[in-house]
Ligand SMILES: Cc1ncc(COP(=O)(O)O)c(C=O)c1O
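Only one chain is included here, represented as structure tokens and corresponding to the form predicted alone.
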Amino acid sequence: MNQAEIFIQQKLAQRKLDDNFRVLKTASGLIDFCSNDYLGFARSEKLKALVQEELRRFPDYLNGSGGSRLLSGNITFVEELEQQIANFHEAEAGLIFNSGYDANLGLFASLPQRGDTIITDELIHACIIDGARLSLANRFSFRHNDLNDLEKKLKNAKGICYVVVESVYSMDGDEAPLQEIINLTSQYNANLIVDEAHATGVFGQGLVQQLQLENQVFARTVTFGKALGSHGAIVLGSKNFRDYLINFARSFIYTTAPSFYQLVTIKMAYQLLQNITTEQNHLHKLITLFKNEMQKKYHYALIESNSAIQSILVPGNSNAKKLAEHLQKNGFDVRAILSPTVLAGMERLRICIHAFNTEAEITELTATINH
């Protein structure tokens, strides 16, 4: 066995020893409390029908894009779609990337320069951390949603400063205090960038717009793989910023453009999103029901959240896995989130609630958890 294989074997053995070895699983016949398909768009027959109807308008569309956007992969349809989405989110312009990971990687690897400063919430998503690492900027994190700690970091910032938060955090499901953060970034002449991945669709067009802060945010990332039930992402900002990303974001420049089918799905998901009030109201009713049912018994601590992400703390990888397996055996697709994805001692079950879930399913799930 060569040295590379020995290294791989040792690393995997350590993962198994730490009880955090990852494996791919498929769920069959279980009630979905796991996916990010908050509004049910990924399974929506109505969305499928809208996509097929739109595709019939373009009988000569290609199966693949054939190249990067800067070569053969750019078409009028995608540029018009970018502007439509920007208008929907009340932004000047937008640039579509192949995924949320690609969007944040390209943004943070290209925008901050040597001598600049990136300040991120400590619970920020891994793709933002990876992008920031690729930049030459100074990097700091502040304690989660802690405004005093953020201000300490802002006082020490050098160069152009970028503060980065998620409007709804992917693991805890709680919200960033956006208005208070904007008050600080304005005071210290810093630029706020907000990832809206888990807010778009769940909270209208996103929390930034719900709070009417779109003109006070430097840039936003909106992903299409959660409530919009499709794939890809867009970075929203000024027209100059869009041009900057086209010229300097490597994850945009050096990758094949999205397929026409993917673009059509995104377009029709946005069309569907404009008439989804009933589903959104039902989703928030279920969220309230889940929280109320969990509070009847305090076997496990529930992280405070008003979003579709409800996390139950079950410290210890083994404990979290056992509870998840118990729920799966009882028909619920719930997955454990283990360290090192979250900090040791903060292992949890991440329960995602959807507009297609029922009140009976919520009641049965919480009863099984608290049994």
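Note that residue numbering begins at 1 and tracks the sequence as displayed. All values derive from a computational prediction rather than experimental measurement.
Just so you know, the form predicted in complex with this ligand exists too; it's not on screen, but the next bit is about it.
**Student:** From the candidate stretches 220-228, 244-252, 79-87, 262-270, select the single one in contact with this ligand in the predicted bound form, where contact means a heavy atom within 4.5 Å.
**Tutor:** That would be stretch 220-228.
**Student:** Is there a heavy atom of D121 lying 4.5 Å or less from a heavy atom of this ligand in the predicted bound form?
**Tutor:** Heavy-atom contact with this ligand at 4.5 Å: absent for D121.
**Student:** So in the predicted bound form, does any heavy atom of G100 sit within 4.5 Å of this ligand?
**Tutor:** Yes, G100 sits close enough to this ligand in the predicted bound form that at least one of its heavy atoms falls within 4.5 Å.
**Student:** Taking any heavy atom pair closer than or equal to 4.5 Å as contact, tell me whether E166 reaches this ligand in the predicted bound form.
**Tutor:** Residue-level check for E166: yes, a contact with this ligand.
**Student:** S170: heavy atom within 4.5 Å of this ligand in the predicted bound form?
**Tutor:** Result yes; S170 sits at the interface with this ligand in the predicted bound form.
**Student:** Identify which of V202, I96, C161, C127 has a heavy atom within 4.5 Å of this ligand in the predicted bound form; exactly one of them does.
**Tutor:** Of the candidates V202, I96, C161, C127, C127 is the one lying within 4.5 Å of this ligand in the predicted bound form.
**Student:** I need to confirm a contact call. Of L236, I181, A197, L283, which residue comes within 4.5 Å of this ligand in the predicted bound form, counting heavy atoms only?
**Tutor:** It is A197 that has a heavy atom within 4.5 Å of the partner.
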